[in-house]
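Taking the form predicted on its own, here's one chain by itself in structure tokens.
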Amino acid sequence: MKVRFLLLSVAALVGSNLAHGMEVSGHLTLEGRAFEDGPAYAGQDNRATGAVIFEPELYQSWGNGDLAFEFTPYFREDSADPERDLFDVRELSLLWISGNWETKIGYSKVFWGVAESQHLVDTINQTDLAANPDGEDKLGQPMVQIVYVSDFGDFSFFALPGFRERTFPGRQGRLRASSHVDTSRTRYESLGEDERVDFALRWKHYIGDFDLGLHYFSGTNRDPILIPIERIGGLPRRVIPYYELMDQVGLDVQMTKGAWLWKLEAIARETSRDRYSAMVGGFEYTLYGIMDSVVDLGLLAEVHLDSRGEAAPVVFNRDLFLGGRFAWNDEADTSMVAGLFIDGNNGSSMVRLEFERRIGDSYKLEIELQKLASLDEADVLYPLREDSYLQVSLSRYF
């Protein structure tokens, strides 16, 4: 892995000098993560961990952008957890625009959503959970995407050949449950397993103060069910991922009215064993120039609901998020988002903070803090109770 990482890194950098007319950008990131407490499970590394992340981006367009090629490989090497090492293709696509039609073929990432604390409708790409427990890092997805742009909104059709499995921390890694996720024995409901072709449709439009999005997805659920296959003392010791089929409709809405942003994401999902709905919604109200300064403060409040209630095997089923977004409006683009999550069923709480600031023209500092303040034994996050952490990343952009 290390050799491949180095060879591809050098190849990308050499290519940046040789490629005539090709735009080359990207970043090299050094990441360090330290935990407040010792590990909860045998085999976990007790030291602070580090990772190297390299993500170059190569872009070439022709004909005033009507034809474009994009390649974004992604490399990650972790100091403690081999399961966190990753080579992925985030983007390897060809885009062709003709009149009102846009066609993209290859690996790509698509983002749907408007909420701050959870992206409930963001369905197309698989989660790279080993990268970060917040679930916002995504793997590249093979796709054919056709978009028709009209006065009535953008209509998108997706054909998704090939399924990407979720990544999980390994036995030596932190931020995992007591049971090991054995991805070598992954099971699927579809007879096509990971070669099934999924489909999705999406419409998005802007009407007055409203940004609207509707989607329908039919295919393999990106969220696996973890099935115990080995127990010790009645507790799961080893689990395997099982990916069922699902049909889902979803809605995302954002209304902008002066300093107010009202946001809603909602889904209704049906599988062979369940039918349920879930939503996250709330507002952001911005106070401009607080205390006669140039700093803006956005006040955030969002509610999470799941029709399955406490039985829902997800982090957010009846939760409240309260937070703030600070924007210093300086040359370094300094910003910070901090918030408190409170579980309405059992009172568990968690604090998250994300800070970022550019250093000069080429560097960026990011700090992330996650504090699991008080977790009830019934909470989905309880297995991570010893994993409050501080993460510091320094990126060099080129």
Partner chain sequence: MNTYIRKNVLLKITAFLALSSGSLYGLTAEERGLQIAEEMDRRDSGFGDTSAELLMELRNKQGETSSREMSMRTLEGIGEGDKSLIVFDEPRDVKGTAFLSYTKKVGPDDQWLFLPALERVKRISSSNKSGPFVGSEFAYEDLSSQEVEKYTYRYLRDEDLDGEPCFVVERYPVDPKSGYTRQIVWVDQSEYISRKMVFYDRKDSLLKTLTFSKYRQYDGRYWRSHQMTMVNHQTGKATTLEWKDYQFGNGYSERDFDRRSLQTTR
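Numbering follows the first chain given and starts at 1. These numbers were taken from a predicted model, which means no experiment stands behind them.
What comes next is about the form predicted in complex with its partner chain, which is not displayed.
Interface residue among Asn100, Ser218, Ser272, Ser178, judged by heavy atoms within 4.5 Å of its partner chain in the predicted bound form: Asn100.
Interface residue among Asp209, Glu310, Glu230, Asp247, judged by heavy atoms within 4.5 Å of its partner chain in the predicted bound form: Asp209. Although the partner is absent here, Glu57 sits close enough that one of its heavy atoms falls within 4.5 Å of its partner chain in the predicted bound form. Heavy atoms of Gln145 reach within 4.5 Å of its partner chain in the predicted bound form, making it an interface residue.
At a distance threshold of 4.5 angstroms between non-hydrogen atoms, Arg358 is in contact with its partner chain in the predicted bound form. Of the heavy atoms in Glu193, none are within 4.5 Å of its partner chain in the predicted bound form. Stretch-level contact check against its partner chain in the predicted bound form with heavy atoms at 4.5 Å: of 323-331, 183-191, 219-227, 239-247, the positive one is 323-331.
Using a 4.5 angstroms heavy atom cutoff to its partner chain in the predicted bound form, all of Ser25, Thr256 and Lys364 count as contacting. Contacts with its partner chain in the predicted bound form, taken as any heavy atom within 4.5 Å, map within 289-307 to Asp292, Val294.
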